[in-house]
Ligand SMILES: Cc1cc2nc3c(=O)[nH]c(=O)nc-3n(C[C@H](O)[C@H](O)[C@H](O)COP(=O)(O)OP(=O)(O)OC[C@H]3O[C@@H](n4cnc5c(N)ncnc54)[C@H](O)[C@@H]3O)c2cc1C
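Quick heads-up: it's one chain on its own, the form predicted on its own, in structure tokens.
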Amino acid sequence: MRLANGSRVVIVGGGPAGSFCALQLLAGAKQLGLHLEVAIYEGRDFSRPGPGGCNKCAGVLSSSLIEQMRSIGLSIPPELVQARLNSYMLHFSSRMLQVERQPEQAQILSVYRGSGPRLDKGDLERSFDAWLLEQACQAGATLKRQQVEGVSPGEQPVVKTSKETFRADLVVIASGVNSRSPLDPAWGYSPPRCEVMAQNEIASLGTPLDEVVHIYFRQPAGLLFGALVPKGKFMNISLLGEQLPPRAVEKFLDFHSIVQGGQPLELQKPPLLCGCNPKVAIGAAKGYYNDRMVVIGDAAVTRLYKNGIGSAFTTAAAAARCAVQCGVGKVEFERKYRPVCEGIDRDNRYGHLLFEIWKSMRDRPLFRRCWQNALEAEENRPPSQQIHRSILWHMFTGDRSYQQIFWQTMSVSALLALARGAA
């Protein structure tokens, strides 16, 4: 089962995973002298404001993803960048602590996945997802503004859209976990286990929050952490947790004082400008590849809580490389694609351990004080001695694997720093 000249490849979903896959399929085929007909089926218009044109994500791009994009010739236009993030401000019950980017650490960017909040009356923002889809089309992919209603197995998969039914040589499912999978149950696909997060946007309050992401750990019930991410003239509110209550964002704002310029600023219920409750994958799918069918992005597996666009790039690249160089059969995907997905899933186990450690630190006053003392003691030390600040930076940015962060957390130097904090 190999792709040949004129093979028809259908990509279901035009978000980052689908666009990355199209770009790398076309580039790989060109190197081998193959001509592929690559069509991306996406019913949404990412240039629209609000959840209808957005992939429901905080839109933070890690430096590792930016480097991966450069490796395939993609440079993010300056007009897409809403903020360049240089530090994280942690808010505890009575203390604030700032973790700053070190010179050797690359910058993090925030972008809009759609074109801004639904209730904003100003000019529309430039969409990262729309730009990326444009790059795929300029490389040779065809955009079909149709909804794929079903994909059935066969000698060649049968694709049914709202307008036509046809056969394809390869079907790539990049529809994410917030859309219904079009795969027929006969494929044996089961989506990953998910949790629900809460998101919204408020207007920036006078002094822009450029460069600083604010992190909160208390309220509402079930909160793991809440983040305020600067987005130009707006601030994105993203709450991650287990079984967050209804109206979680409103309860979050009722409890916390929003901080700008290092000073608390009490809010009189700022108007919420958008709002969504997207699902986030916290496990791996089953049956995510078969003969002439492969699932990529978070519909297959993604990094736990962090760098989902980076995981979309990684899975898209692995699937495209396998399809072009090895073949599109189940055996080929088993051999070349599955190990990449299992590597992400295996690393997420370390992530689950780290978040359990995090919750223990947060919920036990003695542990929390030891940890805060260790962080404060590192403030004026050289970067090489700022162990816990480095751990936090990489936890929030997703720039290192969870396995690396876990063993850094368990290192002798990190444990000694906690012991000194206890003393």
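Note that residue numbering follows the sequence shown and begins at 1. Please read these numbers as outputs of a predicted model, since none were measured by experiment.
What follows is about the form predicted in complex with the named molecule, which we do not show.
- This chain lacks the partner; the member of L80, L90, A284, V280 within 4.5 angstroms of the named molecule in the predicted bound form by a non-hydrogen atom is V280.
- This chain is drawn without the named molecule; in the predicted bound form, the residue among R369, R362, H394, R44 with a heavy atom within 4.5 Å of it is R44.
- Stretch-level contact analysis of 318 to 326, 72 to 80, 291 to 299, 246 to 254 against the named molecule in the predicted bound form, using heavy atoms and a 4.5 Å limit, identifies 291 to 299.
- When the named molecule is considered in the predicted bound form, P153 lies well away from it, no heavy atom lying within 4.5 Å.
- Although the partner is absent here, G308 is a contact residue: one of its heavy atoms lies within 4.5 angstroms of the named molecule in the predicted bound form.
- Among residues of the shown chain, N55 is one whose heavy atoms approach the named molecule to within 4.5 Å in the predicted bound form.
- When contacts are judged by a 4.5 Å heavy atom cut-off, A174 counts as touching the named molecule in the predicted bound form.
- Along 1 to 34, a non-hydrogen atom within 4.5 Å of the named molecule in the predicted bound form is carried by V12, G13, G14, G15, P16, A17, G18, in order along the sequence.
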